[in-house]
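In the block that follows, a single chain appears as structure tokens, in the form predicted alone.
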Amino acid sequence: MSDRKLPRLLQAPAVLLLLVWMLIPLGMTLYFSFIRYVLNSLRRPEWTSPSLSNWRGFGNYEFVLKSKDFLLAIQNSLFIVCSILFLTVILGVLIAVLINKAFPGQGVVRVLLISPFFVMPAVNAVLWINMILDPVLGLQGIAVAGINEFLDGLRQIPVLGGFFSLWPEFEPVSFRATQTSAIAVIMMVTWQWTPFAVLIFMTSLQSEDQQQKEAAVLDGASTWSQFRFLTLPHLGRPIAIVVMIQAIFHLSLYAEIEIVSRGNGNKNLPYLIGEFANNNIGAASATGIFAVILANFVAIFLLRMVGKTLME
């Protein structure tokens, strides 16, 4: 047996297992997306079982495209993902640079910064929406009430009270509302995933060429110039990898949206799939195929970006 055949034979079981693992669910989803498959159909009982006799063609896709929530789900998915990526990269770079220098308690600070990443998504959502963002019992409500109380005290000052009386009272924001629920999801997921970016960037900063920085200092380069022309180019590859990995995960967000708003004006494609899957499996499968297509478009764009960064 040649030296080339033996490694291929050893790899074959794992490759076949992965193919089966991916192709069978994808094939079933494609099959269900082309048939009428409704779990609770009293009018047409034959639709309650997946059968070729219920062939519908592209009818499920047309139904999903005409759904009032489909475009909202795509827009919301892209808005949430892009916002989280932007915030986590910015915060991750700044925090990693800040704690990269030695200081007392550095190890404890690093552990505390990384710990939010290990919180379960559902627990993270419940913590934020009830204990932090709640307009009455959360930290937001307590902070707003404290500010208003402080302003009331200023209004009692004899001379300056008239000026402060012109200030309106602050109102807490209800993050379960349609307009703000997506913002709540972005905040809580950013809090959870920023430690992941910090960890990657901190690891990369350990390999930064210190001789170049010392030479830049001797040449009179400012701290901003060192960061812009030395640190940021060095973090180019880690940033691209963080963006790609996080985009894949954030396109499948579900628990946070369910807990925050129950999808009230804040649906993404996974949530829309869950709604259809309660009864209409055909429409849910068609939406799943759209989600796969969207994820592949995003992945191709990100892979090209990563490849370009790695080649530079």
Partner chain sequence: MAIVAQSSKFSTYGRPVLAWGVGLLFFFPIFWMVLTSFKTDADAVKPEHLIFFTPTFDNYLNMTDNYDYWRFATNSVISAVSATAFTLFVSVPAAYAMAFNPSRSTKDVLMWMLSTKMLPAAAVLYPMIFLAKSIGLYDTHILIITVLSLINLPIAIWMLFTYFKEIPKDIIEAGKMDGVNTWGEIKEILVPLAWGGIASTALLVFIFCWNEAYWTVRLTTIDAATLSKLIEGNRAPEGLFFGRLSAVSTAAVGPIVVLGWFCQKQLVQGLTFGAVK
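Positions refer to the first chain, counted from 1. These numbers were taken from a predicted model, which means no experiment stands behind them. Just so we're on the same page, rigid core means the largest C-alpha set that superposes within 1.5 Å between forms.
Unshown form predicted in complex with its partner chain; subsequent notes refer to it.
- Using a 4.5 Å cut-off to its partner chain in the predicted bound form, each of 18, 241 and 245 places a heavy atom inside that distance.
- Contact annotation: its partner chain lies within 4.5 Å of heavy atoms from the stretch 198-206 in the predicted bound form, the single such stretch among 153-161, 198-206, 74-82, 166-174.
- With the partner omitted from this view, the residue of 90, 111, 147, 232 that lies near its partner chain in the predicted bound form is 111 [heavy atom within 4.5 Å].
- At least one heavy atom of residue 214 is located within 4.5 Å of its partner chain in the predicted bound form.
- Proximity of residue 249 to its partner chain in the predicted bound form: non-hydrogen atoms within 4.5 Å are present.
- Proximity of residue 191 to its partner chain in the predicted bound form falls within the 4.5 Å heavy atom cutoff.
- Remark: residue 101 counts among the residues lining its partner chain in the predicted bound form, judged by a heavy atom distance of 4.5 Å or less.
- Comparing the forms between the shown form and the other one, the C-alpha position of residue 293 differs by less than 2 angstroms, with the core used for superposition.
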